[in-house]
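Just the one chain here, the form predicted alone, laid out as structure tokens.
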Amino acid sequence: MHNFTLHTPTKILFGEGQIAALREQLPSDARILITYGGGSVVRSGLLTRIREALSGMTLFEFGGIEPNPSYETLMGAVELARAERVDFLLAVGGGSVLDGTKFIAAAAPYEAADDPWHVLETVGEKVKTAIPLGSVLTLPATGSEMNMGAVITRKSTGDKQHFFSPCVMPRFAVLDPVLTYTLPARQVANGVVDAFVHVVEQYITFPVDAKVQDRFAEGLLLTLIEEGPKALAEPENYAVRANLMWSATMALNGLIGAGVPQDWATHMLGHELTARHGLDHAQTLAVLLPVLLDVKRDAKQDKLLQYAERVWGITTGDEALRIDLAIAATRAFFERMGVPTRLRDYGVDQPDVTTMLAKLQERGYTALGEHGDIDLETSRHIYEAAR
């Protein structure tokens, strides 16, 4: 196991009705900007409940943060936060709202005369301070409620960029499984796939004798496999929703990634698919992961065999067959969740590989993966094989 430092300061308020404790998490004199997405929090009455819970406090609101949150939209919130001297942000929604709110938190105090996009171009290195934030989660998927990362899109240039900073780690997160009951099936499925691949990116690399992290990762994968389809069949099953919500948070809060090698190539390649072809983030992961596992099967052999046995119960046949069966089982699970695993299933028969490779090169993503051995030619092969 590698050396590591793990600091997870986010306070979690988990369970039905925890929104009642929201007021206690906020400074009484705070000037609070509530951020949200496309209006579901309005239609469901959640925004009204939050207003009531925070009655008498100084509140401002900014809605319309879209999936794959855009820099152009978020800059409107940055301007509002500056104009109203906002000193606390409350994200109400899923991972996109949280990611967008993290950018707002970092960009609003950004003092450089330059474009705040530089916050992203430096992957967060220039973030020295940020407006504190908390969240009320409505869509479990990204783990953004308990980590320091975010991904933002710039529509005008077609760029999609991630950044990290401890300054944007949420102070608290309200996780009420009941708030997920009315999610569309597509969002539920995407959330399960996203969480699953988050675990895989930290688990299927190479062994470093990190038994605790491996067992946690395997438990999360087994839970997602067991509960994911149930969530589609039984939308108001509280136990199912609770286990999915906590699995998604645990998948990317730093615990299973501490002291182990990590991959993230599937995500980096997937971001370019979203930017160029408009696929949902989870859809890109479902398309790319099975191909990447096959392409890198030799480098990942030991962990693929462990994955085959411990997660899928595959113990017979030679090593090559067991790996084939594990990859096939992964693809079948995504399909069972209603997330197709071929680009042609989304109408992308000829992906714009040239443009995507150019973007990878521009960002310096020419040595991806836990071994740094996924170069541009390997990325080309993965994109083309995903059709």
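In case it trips you up, residue 1 is the first one in the sequence shown, and so on. Owing to the predicted nature of the structure, the values given are computational and were not obtained by experimental measurement.
Below, we refer to the form predicted in complex with a further copy of the same chain, which is not included among the displayed structures.
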item	value
Position in contact with a further copy of the same chain when the complex is considered in the model of the complex, options D159, D280, E201, E227, heavy atoms within 4.5 Å	E227
Listed residue that, although a further copy of the same chain is not shown, lies within 4.5 Å of it in the model of the complex (heavy atoms), from F164, Y181, W246, F206	W246
Option from 261 to 269, 193 to 201, 232 to 240, 77 to 85 whose residues, in the model of the complex, bring a heavy atom within 4.5 Å of a further copy of the same chain	232 to 240
Contact test in the model of the complex: L220 vs a further copy of the same chain, heavy atoms, 4.5 Å	yes
a further copy of the same chain contact at Q213 in the model of the complex, heavy atom, 4.5 Å	yes
is_contact(D375, a further copy of the same chain) in the model of the complex, heavy atom dist at most 4.5 Å	no
M169: touches a further copy of the same chain in the model of the complex, heavy atom cutoff 4.5 angstroms	no
Contact set, 255 to 276 vs a further copy of the same chain in the model of the complex - heavy atom within 4.5 angstroms	L255
